[in-house]
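A single chain, nothing else alongside it, follows as structure tokens in the form predicted alone.
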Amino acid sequence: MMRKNRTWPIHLALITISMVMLIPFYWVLKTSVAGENIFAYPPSILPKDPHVFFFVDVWYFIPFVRYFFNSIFVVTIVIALNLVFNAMAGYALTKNFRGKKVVMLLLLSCMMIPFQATIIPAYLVTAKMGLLNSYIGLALPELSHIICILIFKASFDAVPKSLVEAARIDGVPEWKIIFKVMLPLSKSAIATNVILSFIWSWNQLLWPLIIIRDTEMQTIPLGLSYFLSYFEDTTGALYAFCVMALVPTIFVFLLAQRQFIEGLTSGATKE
């Protein structure tokens, strides 16, 4: 009983911090249904005359459904191939081979290079492959992430070596060991890969802006920029658009938040 009484200040502090962190989300939602001036003073805590007209504007005045489908389709490709490529690369890094430290050093060094510095060669490669203005071209730079490879490596290192050796004795090929033995035991790494790949691909603006020429191929971020140029008074409609774009990201995170935190913790503590 004494121990429980000692923890209530911690719980109270955490609840208070959580409420403060949720204020921006509440303000976006409030503005999306009220369309109030965000610079008004004093600000109103509760929305005045709430309605869904701004959501209707977003839905009908631009091809939001098409933008949403494009983003979902590209994100699906990115997540699926990320799981395959990152898992294989992470499994390879669990092996002892000559030059492993050099490979790890190169991977860590590449993490410090921003995407903007590689966007010209990425565009040239994509153009040579004939993938401009295509779904595969949109997904190409996001097909693997170094941080996700390292998270898979850390998770695979925690799998008992006896399971891998037993599978080899039974004649299981290496690719089946990855997908039949290692991945089922690495749910936290999978969840982390899914969430990070989803967020990074979903919010990508610069790359689609460069390679997309057809308005039918635009994604949600490009649709938002088009929406801002289409409307003059965009306060309520802009926030409604943001809410509609945020819902999938929040939904995916809430589905796997526990595994996501476990995956990041594993990646931070493993050598």
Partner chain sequence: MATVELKNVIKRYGDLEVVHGVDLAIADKEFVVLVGPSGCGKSTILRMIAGLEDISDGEILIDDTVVNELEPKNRNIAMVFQDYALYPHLTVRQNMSFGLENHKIAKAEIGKRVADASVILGLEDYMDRKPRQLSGGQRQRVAMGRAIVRNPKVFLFDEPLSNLDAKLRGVMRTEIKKLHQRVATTVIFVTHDQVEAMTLADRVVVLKDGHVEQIGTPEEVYHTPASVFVAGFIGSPTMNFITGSVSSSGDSVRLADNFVLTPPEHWHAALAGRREVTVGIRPETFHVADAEDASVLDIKIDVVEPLGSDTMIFFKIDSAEAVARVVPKLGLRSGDTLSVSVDTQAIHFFDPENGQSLRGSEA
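Numbering follows the first chain given and starts at 1. Every value quoted in this text rests on a predicted model; they were computed, and no experiment measured them.
Another form, the form predicted together with the partner chain, is not on view; read the next lines as being about it.
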{"item": "Residue (of 185, 80, 158, 72) lying close to the partner chain in the predicted bound form, criterion heavy atoms within 4.5 Å", "value": "185"}
{"item": "Touches the partner chain in the predicted bound form: residue 150 (any heavy atom, 4.5 Å)", "value": "no"}
{"item": "Partner proximity in the predicted bound form: residue 130 to the partner chain, non-hydrogen atom cutoff 4.5 Å", "value": "no"}
{"item": "Heavy atom of residue 191 within 4.5 Å of the partner chain in the predicted bound form", "value": "no"}
{"item": "In the predicted bound form: members of 111 to 130 within 4.5 Å of the partner chain, any heavy atom", "value": "none"}
